[in-house]
Structures are given as structure tokens and as C-alpha cells.
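Here you'll find one protein chain in two forms, each presented separately as C-alpha cells under the names structure 1 and structure 2.
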Structure 1
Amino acid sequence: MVSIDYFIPALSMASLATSLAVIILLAEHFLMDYGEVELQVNDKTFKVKGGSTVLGTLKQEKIFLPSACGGRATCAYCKVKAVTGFGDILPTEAPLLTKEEVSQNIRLACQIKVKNNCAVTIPEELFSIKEFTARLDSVEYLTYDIKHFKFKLLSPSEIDFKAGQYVQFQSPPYGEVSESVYRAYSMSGRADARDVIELMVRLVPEGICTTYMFNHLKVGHEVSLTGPYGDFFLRDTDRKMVCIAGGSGMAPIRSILSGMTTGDIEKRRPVFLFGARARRDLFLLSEWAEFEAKHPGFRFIPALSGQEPGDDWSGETGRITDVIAKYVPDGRDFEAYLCGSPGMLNACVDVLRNLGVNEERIFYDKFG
């Protein structure tokens, strides 16, 4: 048996390191007063209080960058070009930047701070991102861990988005959560229904935002969202379509397909492959059956990878990657639209590429 005395030095060092890190953060927060500085964004200059991240500072100026992870340096969506005023690349940024991006001074806005006069460049379209106030009008369970939320827009009263894009939902402080956080969710409704936003949200165990939405958000509550974001939308071509999703990844695919005209569906003949573990993870089956009946050129193919007793399933089985080749035997004339977990999407991209789908015609939203 190892004596507890063996662990005391290591525990002491860990405690000391943690204490020093906390002291440094507190010192920067309370003692480092950077005063008012200038932040230039493209051709616009803002006088701002120094000390916050570029992401947070821009948000104060009503410029909303995409940030699916809420500023935790995991999604890499908030990239900006650092023109001047920032130091070396941080260890938290390095794994998320390519060599080409490093050479172009691309940085993560959630990690670099505005401490002095500085300048960044962002895509011009981000200036059109808006902040919306909306009221929750309805909510229902789709599965045991996925809910469908329908919000009525109050101010502004309409959103102009492309089917497949996403919004960032702000969850306010609640319980022991002391600050607001943003999380990204794809819109699942039709793009021509501009006065509402529909979201399909899967409960993440101990997730700050999804816990709020599942346990605290009630019909009638008002919320804040920003958007629209993203370049995941239907391309205007004549190619056949294969759509692949799992879980709440159905959201943008539903938005894209429901907005297609009958003529486009007959021409492009989309097939939607939906992966689930067991029958209890399937949802909206009757809606997709009605869509098939209305549009003979469309097919919805659910597949179960791990049936449970009593599932009584006669459809496709196996992982969704095992099913693709059956419906896309020759991918050279296909476009692919995917949404799901990084692991699933990486595997699907490999399969599609091997089937002949040009990688430039594989479009996806990847959620971690």
C-alpha cells in the first residue's frame, strides 16, 4: 500500500499552481485597468473599455461573431484577422489554427484581449447579424431527450435567413449559474416563416444552456437570440442530394427540405438518411411519411444501430455509414448535406468521398 505521504508533495504543488492561477486572474480583473482604448473593426473605430476579449467587446458594440461553444475555445468559429495590437498566439488558440491561418494572423476572438489600441478585420456580412427578442410560444418533447421549441419574434419582428443556418441562444443566469452563456442551434423551420424561430435541442447532461431550456424556460418567457449565422444552406444546382443526420442534427435538414419546391425535389431526388440508436430515438416519422407521400422523388431512410427489446424494427440497421452505399452507389453526381456529431460526420465524409462525392460538394454543420 502506498503511503499518503507520497501524494502530499504533488497535492501541495497542484494546490499552489491553482492558487497562483486564481490570484493572477483576480489581479488582472481588479488591478489591471486598461482604461479606454480604440478598437478598429474594418473601417469602423470604437472607443471601448480595455480588458475584455475581442469577442466580448464586439458583443458590447452589437457586433455578433459566431461562437458555437460560447467562448470556450473549442469551436473555432470566432476567427478574426488580427491587424495590429495583439501578442503571440496563445496555447489555447494554436490547436485550432492552420499554418496558413497563422501566417495570415488569424486569431480566435474569444481568446485575444483588447488591452491597447488594436485592429481586427471580420467578414462584412457579420455586421448584418442582429439581436432578437423572442417569446416562447410552444415546446414539446420529440424524444426523451430532444425538445422542439417555437419562438415568436418580438423585436425585430422578422428574421431573414437561409434554410440551414443557425442562431445563438442566450441563457440567462439561473440557480448557481452566475452569468449568461451563448450556444448555437440550427433553425428547423421554413425560411419563409420569418416571424418565428424553431429549434430542436438535445439535452446535454450538465450543459448550462440545455439545462436552462429543459428545466427553467417556460411558455411565455422572453429570450434573446442572435443570428443568422453559417454557410450551411442549399446550393442552387441540379445535382442529386443525400442528406445525413442524427439526433437534433435533423433540424437544418428539415429546414432545407421543407423549403424546397416540388419541382426541385423531383429534379434533385433527395434521400434523407437518419441515424439513431434505438426506436425511442426516432421522431417526426409521420411528418416524413407525409412528406414522402406528397413528394414521390423524396425518400426518408431511418437506420437503427442498436435496437432495444420490443423495438419491432424492420427497417435499415447498423451505423448510418453502413447504409450510405445502398442509396448512393455512385456519388459522382451527388451533393451531400450533413449535420451531427464530429465523429459521425468525419466517418460519413470518408464514406462519401470513397463513393465518388467531390469533397467540395459535401456541406455540413458539425456540433461537438
Structure 2
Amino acid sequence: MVSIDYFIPALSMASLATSLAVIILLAEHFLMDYGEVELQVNDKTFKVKGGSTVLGTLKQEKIFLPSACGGRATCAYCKVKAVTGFGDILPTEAPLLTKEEVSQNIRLACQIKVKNNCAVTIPEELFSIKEFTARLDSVEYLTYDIKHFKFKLLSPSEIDFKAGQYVQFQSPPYGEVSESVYRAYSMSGRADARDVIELMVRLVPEGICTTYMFNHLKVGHEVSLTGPYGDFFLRDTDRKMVCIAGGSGMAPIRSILSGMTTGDIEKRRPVFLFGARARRDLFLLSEWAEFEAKHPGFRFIPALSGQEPGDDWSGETGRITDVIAKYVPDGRDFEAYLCGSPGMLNACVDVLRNLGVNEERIFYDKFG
């Protein structure tokens, strides 16, 4: 018969390990459980489970702070004003905050934790940001590399946004991509069609989110979106309007223009300058022609910078920056709405400024 002695080493090691595991569990129970605490956000108070970051806790409460880095303290989008209940600035936050922000108690919501009753202030408009589930209803090619996606909102079933704003689209893990990423896309539909979201997306070679949308997302699939974000929207003035876009930058401009009333269009006489390389980069021409026919005050001016053989083009040619002056005779009367690649945007801002457009009346997405 095997003597009990053989088991002593194994048994004692096992009991050592077990007792240590018990210690860890006890520590977890007593140390990591913060119980229920009160988190005050502006003038609302939430009863929440303590222990997580402000960013994560607010998300549980359906308040979505902007974030581009997923809480890794690299993007600094998640700033909030800490009112009470948080300690000193953390080493992880310090490099992302200016002296001024530190003195105003601005903190990174993804770093500070809710451990006891505490209070933060956030910009009021963040309360209107919601997380939507939506179903893809239709996709069509606008050009060889731009697709038009139409989503039907499922829950919540309506979105309240200003024409020109954008949503964050969640691209789930697929194939070799192991993490969810969030990317911004401007809504291109009318703001009064509240149960649909339309996006115009240009394929980025090897881009994580666009590859998902082009190759994996199929009609009928459900997706997750948050929004609306951004302060790119129509300002309520009587000034003349020039809109300038290229590629998928048509999206927010389309949303803005299609939402204007006939009276407004007569009064503000918008021109839409659309820059493209060649004929094959133009899209929705018939829709814009119809819009022009309906509103005599409006003009759609596509311009081609490099024609291809067989393009047979009689419209404007040259870079979009060369075309602007012709349609903006006196910049002082104008308000400008821009959307496109950063390089084009900067160049257009320069041109507009030289034409006398007040810089405060040139609008575009800052994070773009």
C-alpha cells in the first residue's frame, strides 16, 4: 500500500496555493468592492457601482464621451472637468494636459476612477449623444471606390442631428483584425429623415474600418453607431454660401444643402464646388442637376483636375483652388463650408482668406 507520505508534498503545495488563492479572493472582495456611489454629472445624479473609470461608468449610464484611443490615455478627447471626489493629477494624464487645464481641474475621464461620491461637468451637448443599433438597408457604388450606405435605425429608432454632423461607426473584429475600432463618418442624408443614417465612405487600401464596410458588411447586418458629434453644421445667417468638397467630403454638404428651405436657398444662393481628378470620380450628378432645376438660386460646379482620355469634359478644369475665385467675387459677403482631405482643406482656407472671407466664417470638421 502506498504510504500517505507520498502525498504530503503535493498536498501541502496544493494547500499553500489554495490558501493564497483565498487570500487573493478575500483581498479582492474587501479591497476592490467600492459599493454603490453617487456620481454627479452636471445637474444629474447617478447611482453607480464604484471602481471603474469615469469614461466606463458614464458609458454604462449611456453617456458617451468622445474617445479615439479606447481609454489608453493617448487621444485626450475624453476631457471632463472634475468638481469633487478625485485626487491629484495622475502621471498618465500629466503629459496630455496643459497648465491651464490642470488649474481648471480638467482631467482625462479614461484615467480617473469613481471610488466615492464625486462630481464632474461635461459639455451639455454630450447628453444628446446616443448609441444606436442600425440595420444596413442598402449599399450602392457611387464611384469605383466610394460607396453609399443606408442604415435603418432600430434602437433608439430616431436620431436628432444637425445637418453636417458625424457619427462614429464601430467596426467589429473580423479576419485578422482582433479589436473593435471606431471611425468617424459624416451623415449625408437629410436631418429630418430621422430614422435613417446615410454615409458615403471611400475605401482606404488596407484601412481597417473601410475594408470591413466594403468587404464584410452585407445588407441586413446590424451595426453599432454613436453620435451625433461635431460642430460642422449650417449657421443661421443671411450670408451667401460657398461649399467646397472633394471625394466623400460631399456627404455633409449634401446633408446641409438638401435640408435648406427654398426660401433660404433663394436668399443665400449657395454654390457647391466639387473637386475631382477625372470623370470617374464624379457622382450623383443627376441628383445635383435635379436640385439645380428645382432651385434656380443654387449651382453645382464640378471641376476636374486631371482628365483621362475619353472624358469629354466641358465643365470647369483645374484644381478646385483655382476655380474658387470665379464663384466668390467678393469674399466679404460669403460664408464657406468645407469638407475634404486635410491638404485640400488647408489650401482652400488660404484661397478663401485671400479673397476676403472672414476666417470665422469658414467652417469645417476640426478633427478631420
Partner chain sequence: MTSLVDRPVKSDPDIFETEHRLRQGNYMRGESRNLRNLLEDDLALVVSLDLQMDFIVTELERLYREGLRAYGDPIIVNGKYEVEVREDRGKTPCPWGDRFFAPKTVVSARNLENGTILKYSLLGLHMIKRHGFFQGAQSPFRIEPSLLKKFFDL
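Here, a residue number simply tells you its place in the sequence of structure 1, counted from 1. Keep in mind that this is a model prediction, so the values were computed, not measured. For the two forms, the rigid core is made up of the largest set of C-alpha atoms that agree within 1.5 Å on superposition.
> Between the two structures, is it 1 or 2 that corresponds to the form predicted on its own?
Only structure 1 matches the form predicted on its own.
> Rigid-body rotation of the smaller part against the larger between structures 1 and 2, in degrees?
Rigid-body rotation of the smaller part between structures 1 and 2: 28 degrees.
> What is the C-alpha shift for residue 66 between structures 1 and 2, rigid core superposed, to one decimal in Å?
Reported C-alpha shift between structures 1 and 2: 3.4 Å at residue 66.
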